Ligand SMILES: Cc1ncc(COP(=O)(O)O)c(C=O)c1O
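First, one chain by itself: the form predicted on its own, in C-alpha cells.
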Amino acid sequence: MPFTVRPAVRELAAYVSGETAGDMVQLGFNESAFPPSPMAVEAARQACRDVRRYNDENYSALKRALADHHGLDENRIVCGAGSMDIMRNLAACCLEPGRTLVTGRLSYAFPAVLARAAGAGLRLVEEPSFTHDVDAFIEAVSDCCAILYIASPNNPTGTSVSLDALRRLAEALPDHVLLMIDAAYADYVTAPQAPSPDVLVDEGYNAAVLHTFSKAHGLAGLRTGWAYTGHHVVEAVAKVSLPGILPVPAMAAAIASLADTEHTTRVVEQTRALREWMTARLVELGLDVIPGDGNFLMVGLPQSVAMDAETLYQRVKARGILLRRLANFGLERHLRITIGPPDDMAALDCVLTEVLADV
C-alpha cells in the first residue's frame, strides 16, 4: 500500500528559507553580523566532552540562567531547538481542523505553514503601511481562532509594535486565543525600551513570548530558543515536545552567552550602527527603506528605478552577494537585506552603486 499523506500536507508548498550561499556573501538569512561570545564557543567545546549523555530534558540549568538574567519565573519558561521548534509545539497544542490562526500578510511565514499543515484555518491581516495594525488584528479574531501570531520587530518589514499596543491586543482577545508574540529581533530595537512583552505573561494574559539565541547572540547554528508563557501552556507543550531536543553544547553555549553581556551589548550596538549607515547609503542610491528595528532592512525600488526586485536580486547575485526576495509576500519591488559584517556591507554598497548606475 503506498505511503499516504494527509491532504493538508500534500497540498502544502515546501517551506523555503532562501538560497544558500556557497562561496557567496550571505545577506539573506538574518544571521548575526558578528561571531558569538568566545565564552559561548568555549562552553560548547567543553560540553562536547560529555555528549555521550542525553541532556537534562527539563533544561533546568538554562531555564535558571534565563530566569536570573531576565528576572522571570523559571517555571514559566519553555526551551526548544530554536523558536521555530517552539512555534511547532504550540501549533501542535492548539491547531486542528475547525480552528484558525490569525497572522499578518506581511509576517514571518512559518506560523502560516504550521496552520496549513494542521488542516486549520488561516486568516491573514492586511498591512498596507508595512506595520501591524492592532485594531485590524482584533477585528480578525473569531470564535474559532486559536492562535494570534504577531512579531515585533516583524520579519520581513522590520517594524515594531509598542508594549502598550500589545497589551491592548492581549486585553481584547477572548480567553480561548493564545497570543503568540515573536520577539526574535527585540534586542536590536533602537528606541528606549519599555519592559519586554514578557511582562504580559506575568500580568496574567494568555500569551507566549518567543525568544531566540540565533540573532544577537550569534548562535543560529546551534538552534536554541525559549519562550515565556503561562503554566497551563508550559504543561501542554511538555506533552508534545521531543525530549532533550536541545543539545548539550547548545545549552552550554546559551548559558555562557547570557553571562557575557559585554559581548552581546557590543554586537547589538555595532549592528545598529551598520544598519543606520546602510540605511543612509541606500537612500542616497535612490531606494526606499522601511524604517525598521531588526538586524535587516526591507528595501523598496521606487518606480523611477527601471527594474523590479527580481532583476536587482539577480544582478547582485551575479556579483557574489545573496539578498532575500519577497515575492512570496506579494512584494515584487522589495528585497530584504541582512545587516552583515562591515566588509560585506561595504561590498554590497559597491555592488549596488554599480548595478543602479547602469539603470
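Residue indices: 1-based, along the sequence shown. Treat the numbers as computed from the prediction; the structure is a model and nothing was measured.
Although it is not shown, the form predicted together with this ligand is what the next lines describe.
With the partner omitted from this view, the residue of L200, C93, I77, M87 that lies near this ligand in the model of the complex is M87 [heavy atom within 4.5 Å].
This chain is displayed alone, yet in the model of the complex one of Y205, F130, Y108, W277 has a heavy atom within 4.5 Å of this ligand; that residue is Y108. The stretch in contact with this ligand in the model of the complex, judged by heavy atoms within 4.5 Å, is 215 to 223, chosen from 168 to 176, 215 to 223, 134 to 142, 265 to 273. This ligand is not shown here, and in the model of the complex it never comes within 4.5 Å of any heavy atom of T159. Mapping the unseen interface onto this chain, I255 falls outside it, with no heavy atom inside 4.5 Å of this ligand in the model of the complex.
In the model of the complex, Y188 stays away from this ligand, with no heavy atom inside 4.5 Å. Proximity of A184 to this ligand in the model of the complex: non-hydrogen atoms within 4.5 Å are present.
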